[in-house]
Structure formats: structure tokens, C-alpha cells
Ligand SMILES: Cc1cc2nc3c(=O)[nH]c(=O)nc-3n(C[C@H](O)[C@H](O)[C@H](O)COP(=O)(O)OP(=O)(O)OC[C@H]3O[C@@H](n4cnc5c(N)ncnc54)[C@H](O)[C@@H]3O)c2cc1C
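Next up: just one chain, as C-alpha cells, the form predicted alone.
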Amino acid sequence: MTSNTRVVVIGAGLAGVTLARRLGELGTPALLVGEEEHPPYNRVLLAEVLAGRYAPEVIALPAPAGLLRGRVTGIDRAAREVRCADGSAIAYDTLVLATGSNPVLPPLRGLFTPGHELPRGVHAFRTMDDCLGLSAAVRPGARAVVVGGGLLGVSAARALAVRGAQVVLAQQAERLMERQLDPGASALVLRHLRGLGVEVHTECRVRDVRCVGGAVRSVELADGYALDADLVVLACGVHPRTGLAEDAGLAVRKGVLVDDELRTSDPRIHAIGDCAQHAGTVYGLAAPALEQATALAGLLAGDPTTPAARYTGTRALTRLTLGGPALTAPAAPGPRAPFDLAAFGETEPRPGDDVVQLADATRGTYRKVVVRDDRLVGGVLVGELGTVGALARAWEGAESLPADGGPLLHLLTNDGGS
């Protein structure tokens, strides 16, 4: 691809910004189109803004040179143009969809007003506007119900508790963060939240939102028990934003289907990040989005130094941090120590796999690795992450481990390994 080829990227989230910035570094400038009014930001850190630890500008992403604010309403594949809400059209030679995902709004009775808006006090938690609206509404002593116990729900519950709210978290699954963590690690997250005063209910389904005068007053559970609520946070997961792709006639299943060069069913259109489905998987996490953006930048710019000439699936470490040192003045008293989580590879063993676990209840730490055919295939760590760097390198190297297990034990216990 020559440097004067027009690359247009739709979506100014982490994947889109990383792609556009990397393309610029490789001499292939891209036009990035984002619909949010705010400068691009790291969505992963929104909970830290809600907690009052980071100011919004702290989580801003370095914006690439070509950034256009506007909402894309359609793609004309024949004309190779994208149409915008203001009536303008943008020509492209190569188009990249980095449209991300939307929050899942559960089918609860009373959730929407006649104007199809959420009642006052009910908040999704996906964008900076969501975060700032919730931050303005929370106050010490406010009764907050968080619906959903995945990463987003746990992060929101922790942030609200740090702000002094009385928080109840309702999780439909049997444990917290079941997608990322095994039962042992999940139990430590539960302990951490309860230490902050969060009341956690698992295997608990919410069925109704009760409002008075257009404002939420309580949440009713499936067993009929009612939770008083001044605030309700919906953290029930996300689904890929595929509307533009579907309307343009691209192949879509759960996400926009892409091949190993991250091409859609139209070879001039690619997709990356939360909206893309590669080899049957929609990852929905930051690390794979960054991998895809880097790989695609190299492909589009024809960069021979790019490590991955083809994208074959994520190998990245997923590190999740709940809490951390305050970069702004603390908004409320609460724990200041980080509570870190890291997961990589396959964290659930198959029959015949070997599992090594180390737990320290006093320090609140937990480490587990999965070994298959003398190779480290995955692991999960909670608390102190001094060993995570060495473990991730051993996993990425995919080299056989010695039969006596000594080096593996050293990797698990050597806190200088990062």
C-alpha cells in the first residue's frame, strides 16, 4: 500500500486510535472518525475516573493527527464512501471498522420511560458521558445497585464504594467475573469487595426496576425481594456494534467476520477490536484489540518489521486492575492499595492437565498455572503480581518445562520476575 492511499478508520476507541497512530508512524496517514465529543480516552480506566482517582484528562489517549468528530450513518461500498450524519461523505480506499460495542440493557420491567430513555438514576457504564453522569449523581450514603458481576460490574461497585455509596451487587452467575477468573481467584475478588462494604448477591436475577415520578426507587429481585436504590448501574455485558456492517451487506454473526488479515467479506474493509469476530471469537478485551491494531497497521503499511504478518489470535496478557494510587485528590476515604488481577492463556484445565496453585489467605494473594504436555498454557494471579512478567514470558515462549518442576516453582514464587 502506498503512502497516499486513503485509509479511513471509524471509531476513536483504543483500537482505532492505536491503528491510526501506528499507521502515521509507518508513513500511511489515516483519517480517524469518532462520534464522542470527548477526546479519545482509555475506556478501561473509566472506573478510576468514577472513583475520583483519575481526572478525565489523565486517561486521554494520544490522538493521531487526522481526527474528525462526527457520526457515520452508512457505508456506500460501490462508491467507496462513508456517509455522515451532517450530510457529508468521506471517500476511502481502505476502510477499517473499529466501532466497538454497546452495553447490554437487560429486559427488565420498568427499565425504559415512554420516550425510550432510562429513568433518572439508572445508568449504563460504557462511555465517558456515562461515567461523568454517574459521578455527578453519586454521593456518600447513596444506595446503589450494580446489576452484573463481570469485570465492568466489579469495577463499578468498587468505585462507588470508594466514593462512599452503600453498594449492592447482583450477579446472575454463581460467582464474580466468571469469564476471566477461576473460582479461587473469584473468591478473593468477593473478599475484596466485601472488605469495602459491598453487599454481593450471586445466583441472583433482577427482574424489575421500580420508579416514582420517572426516577428509580428500588430494584426487585426474582425472588420478590426489593432493594432500595437511588442509583442503578447496568453492567450486564456488551455486544459488538455491527449495525454499519450489517446495513452495508458485510458478513456478520456475533461480530463482523474477519480473516487472518482482519479483512471482512469486502476485501477493502477491515474490522478490529470489540466489533470484530476472528476464528469464531469476539474477544471484547483491550489486549486483543491492541494486538489487532498493531498487526493491521503493519499489513496496511506493508511494514516488513511488523512481528505478525497475519493475525492468528490473541497471545496477550490480560491485566485487570481494580483500584490504584490516586492521581487526583481522594474523593472519599477508602483503601489505596491496588488490587490487581492478571490472566493469560487457558486458565481452566482440560482433563490430563497439571495445575499448580499457591494461595496466601493472609496476604490475599492467589497464583495458579496450567501445564499441558510440559508446557505452560495459562495462568491467573490475584494480588501481588511480581511473578507475572516471568510467567507470561514462559507462556509466550511455549518451551518445554523441565520435568522436576523446579523452574516453574521458581517462576511462581520469585517476586522479582516482572
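Numbering starts at 1 and follows the sequence shown. Given the structure is predicted, the values throughout are model-derived calculations rather than measurements.
One more form of this protein should be noted, the form predicted in complex with the ligand, which is absent from this view; the next part is about it.
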property	result
Heavy atom within 4.5 Å of the ligand in the predicted bound form - the one residue of Val216, Val72, Val198, Leu108 that qualifies	Val72
Sole residue of Val380, Val49, Val370, Val33 within 4.5 Å of the ligand in the predicted bound form, by heavy atom	Val33
Proximity to the ligand in the predicted bound form (heavy atom, within 4.5 Å), stretch among 205-213, 253-261, 97-105, 343-351	97-105
is_contact(Ala289, the ligand) in the predicted bound form, heavy atom dist at most 4.5 Å	yes
In the predicted bound form, Arg241 touching the ligand (heavy atom, 4.5 Å)	yes
Exercise: Arg53 in contact with the ligand in the predicted bound form, heavy atom 4.5 Å	no
Tyr311 within 4.5 Å of the ligand in the predicted bound form, heavy atoms	no
Contact check for Gly150, Leu193 and Phe339 against the ligand in the predicted bound form, heavy atom at 4.5 Å	no
Residues of stretch 125-144 in contact with the ligand in the predicted bound form (4.5 Å, non-hydrogen atom)	Phe125, Arg126
